[in-house]
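One chain is shown next in structure tokens, namely the form predicted alone.
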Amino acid sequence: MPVPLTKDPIAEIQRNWERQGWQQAAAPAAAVTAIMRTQQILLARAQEILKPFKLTFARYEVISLLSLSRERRMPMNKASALLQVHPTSITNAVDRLEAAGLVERQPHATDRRAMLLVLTPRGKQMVDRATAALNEQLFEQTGFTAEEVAELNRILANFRQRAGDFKA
């Protein structure tokens, strides 16, 4: 963990915006920057936890999605849509997961253009172990209180819905 800074640089961003006369944008600029920094911190923690499993968080998300699906398989384009990543990104992740023996590509039974992603037994074991580690070391120890988590989930879901991320 890096040495903490002596003062909050995001609060300084807000003060600088205010000094520039951008009062209306100052607090939102600080909020956006804080969200992005928080994402960096949490992603770094997740990556560190997943390193012994030779997984990135992006690859973990793919096998986790497959493990939670009814048949541990789904069309690649559906996985890309559900994970909200570009098809190129999912292809790269799947290439690595397939090379590691965690997923397989199989032709779709009814759509020749589509490819199914299938979680292998080895992939199921890996995702179970990685999920246990993430739960224990990150998700159950985020640094937020239960009340803050509930409020964050509410605030962020409202924002995402208004931004068109999903329909209410």
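Worth saying up front: this structure is predicted, and the values here are computed from it rather than measured. Numbering starts at 1 and runs along the sequence shown.
We do not show the form predicted in complex with the DNA, though everything after this point is about it.
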Taking the DNA in the model of the complex as the reference, which of 31, 114, 68, 42 has a non-hydrogen atom within 4.5 Å?
114
Which of these residues, 118, 58, 100, 49, gets a heavy atom within 4.5 Å of the DNA in the model of the complex?
58
Under a 4.5 Å heavy atom criterion, is residue 122 part of the interface with the DNA in the model of the complex?
no
Look up in the model of the complex whether residue 129 has a non-hydrogen atom within 4.5 angstroms of the DNA, and give yes or no.
no
Check whether residue 72 has any heavy atom within 4.5 Å of a heavy atom of the DNA in the model of the complex, and answer yes or no.
no
